[in-house]
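Have a look below at one chain only, the form predicted alone, in structure tokens format.
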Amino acid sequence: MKWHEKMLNIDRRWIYLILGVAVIVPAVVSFHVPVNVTPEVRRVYDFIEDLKPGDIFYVGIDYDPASLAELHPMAYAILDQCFRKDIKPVVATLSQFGAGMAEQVLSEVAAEYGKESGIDYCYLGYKPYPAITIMLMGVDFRVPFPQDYYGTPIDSIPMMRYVHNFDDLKGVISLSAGTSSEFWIIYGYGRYFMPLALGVTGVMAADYYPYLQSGQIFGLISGIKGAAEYEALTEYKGEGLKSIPYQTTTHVVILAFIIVSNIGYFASRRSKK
């Protein structure tokens, strides 16, 4: 068998073995990979950074556990930035499996800064039918959320007494792995012109760049790479930056196999001619 034929017929078990080693290497030998911050991620960071202490900002944890690995690091970094600057986040979820997960990340970050529920932040919990819920929040938060996640009436929450609808918020960021992002664009921005940014999984990002270019969203955080960029900006040591070495080694191996296979393919064509 000629050399180019061997390149085209590599036993897949070798490929799996080499990929396995590529994943193990960063766990054994720790190393730092520089993260280049993209403009769309920096705009989200700058928007929140420019808010004043006491300003109220909405954070949507609109994803379920299946997308936790990519979107959870974003939630941690954004909430850390809010609490560090004494910005008061209103948090809710439009994902039926996201309520407990959102409560976990919010309570953990709040505890690090000694923040108190109802005074420094408000967690509204879950409501179904994203389009209807977003439109009703634009009218009055008390319609879809008469009480918060813990059963406290909204009017009894000090932070929410003067918050009625989107006019009382500085902006919205939705972290989503589904169609919730589209509903926020259609109704959150399209109907109420609410300043809107999105955090989405890596495979979803390409679909939302047209909305970024048209100005319907002011920022976009894409996948675990985007989460790492945000952590680099906020200097938050989270899972985003930790995952970059693993992505780097595996992507290098995958690119190497692509190059090898193409060399073998073109060499095979030339040999046949």
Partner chain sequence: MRKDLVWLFAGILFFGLLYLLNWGVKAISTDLLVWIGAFLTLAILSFLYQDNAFYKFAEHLFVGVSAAYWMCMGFWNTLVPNLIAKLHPPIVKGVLPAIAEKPPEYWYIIPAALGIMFLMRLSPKAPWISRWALAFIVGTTTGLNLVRYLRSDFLGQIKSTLIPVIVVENGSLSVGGSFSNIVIVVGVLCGLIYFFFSKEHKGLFGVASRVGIYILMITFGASFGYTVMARISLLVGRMRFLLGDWMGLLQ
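Model, not experiment: these values are computed from the prediction. Positions refer to the first chain, counted from 1.
Beyond the structure shown, there is the form predicted together with the partner chain, which is absent from this document and is the topic of what follows.
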(message) Is residue 203 part of the interface with the partner chain in the predicted complex - any heavy atom within 4.5 Å?
(response) yes
(request) Using a 4.5 Å heavy atom cut-off, state whether residue 31 contacts the partner chain in the predicted complex. (result) no
(message) Quick check on residue 232: any heavy atom within 4.5 Å of the partner chain in the predicted complex?
(response) no
(request) Give a yes/no on whether residue 210 approaches the partner chain to within 4.5 Å in the predicted complex, heavy atoms considered. (result) yes
(message) Given the stretches 113-121, 77-85, 141-149, 167-175, which is the single one in contact with the partner chain in the predicted complex, using a heavy atom cutoff of 4.5 Å?
(response) 141-149
(request) Let me know which residues along 109-142 have a heavy atom within 4.5 Å of the partner chain in the predicted complex, or say none if there are none. (result) 126, 127, 128, 129, 135
